[in-house]
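One chain follows as C-alpha cells, the form predicted alone.
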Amino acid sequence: MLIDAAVLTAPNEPLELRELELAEPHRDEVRVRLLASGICHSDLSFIDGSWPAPLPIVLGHEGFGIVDQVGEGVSAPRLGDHVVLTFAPACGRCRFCLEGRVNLCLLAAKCMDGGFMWDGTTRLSHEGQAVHHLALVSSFATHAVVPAAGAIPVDRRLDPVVGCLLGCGVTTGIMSVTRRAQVRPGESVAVFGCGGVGLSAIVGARLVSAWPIVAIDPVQNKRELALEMGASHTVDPADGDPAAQIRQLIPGGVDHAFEAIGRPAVAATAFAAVRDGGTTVLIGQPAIGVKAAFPVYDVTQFEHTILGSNLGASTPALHVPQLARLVVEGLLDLSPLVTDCFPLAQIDSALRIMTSGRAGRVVLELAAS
C-alpha cells in the first residue's frame, strides 16, 4: 500500500514528505494505522548527525495506532488492537532477553543500527529503492509494519496523544526512577533538565512519594511545568551553581540525581549534588563518543553509584500497559507534558519547536494525515 511518511535523506537536511510503498507484514509482524507519534530528542540526534543512521530512513519511535493487518503466525484477534509501539521488543533468545533485560535485546539493537526488520530486510521503499526503518518503528508516517511483539496492546480508552509517549520518553523517565534507581518513599530526588524525559522522571518520583523533588532547568516555563508535574522545588542555573543551591535546600545533597539532557557538564553537576553514598542516574544521551569525568576518589571512598538508564530498565510489554492503566484510571496525568501538536504535513514546524528547547513533548497527530 502507499503511505505518507517523513524521510531523512541526509544529516542536517529537512525531512522530505514522500509517498512510500509499504509492503505487507511478514511472519510475526503486524501493520499499524498510526494515530500519533511523539518527537523524541533521539530523533533530533539522527537528524543533526550526532548519531549515524542508514539513509534514507523514516524516523520516529514513539508511535500509537490500531492494528489493521496481521502477518502469518499472528492471531487474527489482534486486529483492532490499540497499541503502543516499542523499539525494544524481546527476541526472547539473546543473553539480555534471557536475563530479563529486554530493553538491551541484541537483535533489536542490531535492527536499530542496520535500519531493517528482524529478517534483515525492509518493508519500506520509494521508486524501487529500499527505505530504512528506525528502531523497528518508524512512526513519522501514516502506517507502519512492526514486529507483533513490538505492538503492545493497551486500554482502548487511552488518548493516542499521550499514549504514544509511553513508547519511549514517559516510560524512560518514570522507570528510571522507579525501576532503575529504585527510589523509595521519602528519598530526595533532583532532576536536571525538564524536557519530556526529565518531566516524566519527576512524575515517577511523585508516584513513589519521593521528597523533596527538585527540578533544575534554565527555562522558566519548564520550571513551572515541573511544579505542575510534581516537583516540590525548582532551581534556576542562572542563580548560581545548581549543586550548591540543591545542597542549601537539602543539607548533604540529594539521595538521587537524574541527568536528563545528555551533557557531560550537567552530569558532573548532578554528581556534585548527590550525598555521600547516593546515586547519579544518566538518562540523557549525547553524541556517540562523548565522555564525562567524575572524581574517582569520591566514587570509591563514599560508595557513590553511577547508573546508565536505557528505557528505565523496563520490560515494555509489562510496564507500558501498567502505565496506560494508571493514565486511563486518572491516577497518572500526562496531558501537561504535551505542549504542542502538529499534523504530519507540518513536521518542520514541529521540529523547530522541539529544537527550541522550550517545549515539553511535541506530538504529531496522524489520524487525519
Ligand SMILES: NC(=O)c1ccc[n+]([C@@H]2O[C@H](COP(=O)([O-])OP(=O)(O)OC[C@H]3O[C@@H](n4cnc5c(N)ncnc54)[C@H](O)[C@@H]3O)[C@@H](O)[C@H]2O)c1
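Residue positions are given as counts along the sequence shown, with the first one as 1. A quick note: this is a predicted structure, and the numbers were derived from the prediction, not measured.
The discussion below concerns the form predicted together with the named molecule, not included here.
In summary, the region of this chain contacting the named molecule in the predicted bound form, judged by heavy atoms within 4.5 Å and restricted to 338-346, 319-327, 38-46, 24-32, corresponds to 38-46. Interface residue remark: residue 51 is counted as part of the site for the named molecule in the predicted bound form, having a heavy atom within 4.5 Å. Within this chain, residue 114 is remote from the site of the named molecule in the predicted bound form, having no heavy atom within 4.5 Å. Taking the partner from the other structure, the named molecule in the predicted bound form has no heavy atom within 4.5 Å of any heavy atom of residue 178. The shortest heavy atom separation between residue 261 and the named molecule in the predicted bound form is within 4.5 Å. With the partner removed from view, the residue among 83, 283, 246, 137 that has a non-hydrogen atom within 4.5 Å of the named molecule in the predicted bound form turns out to be 283. This chain is drawn without the named molecule; in the predicted bound form, the residue among 71, 212, 230, 218 with a heavy atom within 4.5 Å of it is 218. Heavy atoms of every residue among 172, 194 and 198 are located within 4.5 Å of the named molecule in the predicted bound form.
Residues of 225-251 placing a heavy atom within 4.5 Å of the named molecule in the predicted bound form: 237 alone.
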